[in-house]
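Presented as structure tokens, the chain that follows is alone, the form predicted alone.
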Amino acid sequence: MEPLDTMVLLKNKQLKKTAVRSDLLAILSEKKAPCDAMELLIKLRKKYGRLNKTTVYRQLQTLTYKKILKTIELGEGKKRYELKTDHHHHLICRKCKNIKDVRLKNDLSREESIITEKYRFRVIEHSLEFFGICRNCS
């Protein structure tokens, strides 16, 4: 992934650049898997010391609303966050909980067209996650 230019990204979405926002985006750009709010809070507290969790949740909500972040739910009862970049799916190991991005060779636009036609349902977006056992846990 290219280095994230938070100033440009935030300006394009009419958001002010704040230290916490910038650091939050930097953490997510470096991570190889979606993060939950507590994981992000712990990383930010290493830099800022006492940081209210409401501040982090509010930033995540704003960045998601502005379509900078995407939320993912993996059946854990919590949301995870990642930068909204190229379209991809996830491989989730049931044993070690490792999450890996996967880009499919064939996109699902044909299937979306069939759904639209057959069910008269306009697909806005989709999420597809694969659960299994990774090679390290096999």
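Numbering starts at 1 and follows the sequence shown. Being a predicted model, the structure only gives us computed values, none of them experimental.
The next section is about a form of this same protein that is not shown, the form predicted together with the DNA.
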message: Please determine whether I115 contacts the DNA in the model of the complex, using a 4.5 Å cut-off between heavy atoms.
response: no
message: If we define contact as a non-hydrogen atom of the residue within 4.5 angstroms of the partner, is N98 a contact of the DNA in the model of the complex?
response: no
query: Do T64 and the DNA come within 4.5 Å of each other in the model of the complex, heavy atoms counted?
result: no
4.5 Å heavy atom contact, H87 and the DNA in the model of the complex: no
statement: TL;DR on 107-115, 25-33, 88-96, 70-78: the one with heavy atoms within 4.5 Å of the DNA in the model of the complex is 70-78
query: From first to last in sequence, which residues of 50-83 have any non-hydrogen atom within 4.5 angstroms of the DNA in the model of the complex?
result: R50, L51, N52, K53, T54, T55, Y57, R58, Q59, Q61, G77, K78, K79
